[in-house]
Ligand code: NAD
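A single chain comes next, written as structure tokens; it is the form predicted alone.
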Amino acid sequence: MNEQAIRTVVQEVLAKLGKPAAAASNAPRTNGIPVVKSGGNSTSHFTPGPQPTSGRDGVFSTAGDAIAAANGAFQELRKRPLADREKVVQIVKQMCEQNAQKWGQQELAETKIGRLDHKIEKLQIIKRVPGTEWLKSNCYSGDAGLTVEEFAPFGVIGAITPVTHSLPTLAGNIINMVAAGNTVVFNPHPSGARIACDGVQAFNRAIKAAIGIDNVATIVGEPTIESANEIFNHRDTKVLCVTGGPAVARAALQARKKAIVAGPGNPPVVVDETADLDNAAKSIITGGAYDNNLLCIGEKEVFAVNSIFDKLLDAMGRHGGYRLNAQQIDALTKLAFSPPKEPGGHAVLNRDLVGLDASVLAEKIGVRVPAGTQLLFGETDTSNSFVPEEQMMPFVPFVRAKDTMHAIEMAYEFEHGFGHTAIIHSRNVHAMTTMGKLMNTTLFIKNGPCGAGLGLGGEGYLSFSIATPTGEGVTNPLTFTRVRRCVMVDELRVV
């Protein structure tokens, strides 16, 4: 892909900064769009520290310098034992847990989206990201000799991180990538760049003290279109890992190198007549309200069969959701969306509402909700813009279905073929199997909240990069390796 083409695509996400391409905007953004401060869970007393110094502890003013430094670190790291990689993994995990309160406050103060308690928790759970223990060799021994397959690093990985989980995504990527033997250069979302830089500097200082290598992770201090473009095309970035919206995902897929892409989602929920309705309601609230529904895996719309529809909405109210009536939903929808700019196009989302608390959304339409309300919900039809759009705010629309198959068919339609995440609440194995085969999503969760798909309340492991378009799924250290087969021929068996 040529430079001009990449510039055009990446600009949708990384260049809508309200200034020339080389400058960063003061307006916070998510996936390249402006957002505003969260409500009651935000912090107004925390002031971000000074801008990190370029060229120090992993922070660089240009992508070229950041890549060169990361490449130098890789040349050193590749000579070191696996134990040194494990030290890096443990440093990142321990520092995230120890600094979760401070860094969570800093991220919210900078990005102004989501909830403080969940910003903190996302750093505390970094310890669940897998490390060097995943690097287990495959061995084949026979009359012809011995073959060992091992997992080798690529080199320098170029990574794009989102504003929704700036430092958690960065930290999780470092763990996975360095465990695999790579180094990494980051181009963070501009609205989460300061916390990302602070994290990189802190990690680098501790890593250098522990193993004597600097710049294991590097970052562009003031990310621009040019810096993203250079990372995508530089000969020393061997692999790309992109976590973001459709535009930056397309740009990565068109670069002439391996790309691991975590793309968009619009996860639907199906609830049938056999479901445990209290569990379904609690799960929808837990997942849909998490960090004010910023998660790409979060419950975005619910399709429930008619026979249990009203009972499910009653259960939502019992477990902490607040039901909006038809007039209130209409008012919120008109506030949240503008008509499409062209016939057949998408409704235009009011980005100022992204990441706000449920109570703040309610206040904007003249509704006061009980203290502690995490999620707004209510009945709509499929024509309501909240159903097809990935809107990233704590309101979930509920749509009536004639039966289970109708609900599954609507879920399939409004997931849009992203192949990201789908959820069902049912005790009917046939219904679960039918939906799973039809949806063909990377994550398919049954009878739990969305977080169960990342090992949070379900089995498995955690990562903040979920590669849906390219098929790697929930990333882990093996995602960032190449398989090397070493063969010794003849007379090696000892049994």
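Everything quoted here is computed from the prediction, not taken from an experiment. Numbering starts at 1 and runs along the sequence shown.
Not pictured, yet referred to below: the form predicted together with the named molecule.
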Segment that reaches the named molecule in the model of the complex - one of 317 to 325, 127 to 135, 260 to 268, 407 to 415, heavy atoms within 4.5 Å: 260 to 268
4.5 Å heavy atom contact, His420 and the named molecule in the model of the complex: yes
4.5 Å heavy atom contact, Pro168 to the named molecule in the model of the complex: no
Is it the case that Arg85, even though its partner is missing from this view, gets within 4.5 Å of the named molecule in the model of the complex, heavy atoms only? no
For Ala193, is any heavy atom within 4.5 Å of the named molecule in the model of the complex, or not? no
State the residue from Gly158, Gly244, Pro394, Gly114 whose non-hydrogen atoms include one within 4.5 Å of the named molecule in the model of the complex. Gly244
Consider the chain as shown here, without its partner, and state which of Val399, Ala228, Leu361, Ala73 has a heavy atom within 4.5 Å of the named molecule in the model of the complex. Ala228
Look at the candidate spot formed by Asn279, His425 and Ala452 and say whether the named molecule comes within 4.5 Å of a heavy atom in all three of them in the model of the complex. no
Though the partner is not shown here, which residues of 162 to 187 have a heavy atom within 4.5 Å of the named molecule in the model of the complex? Pro162, Val163, Thr164, His165, Asn187
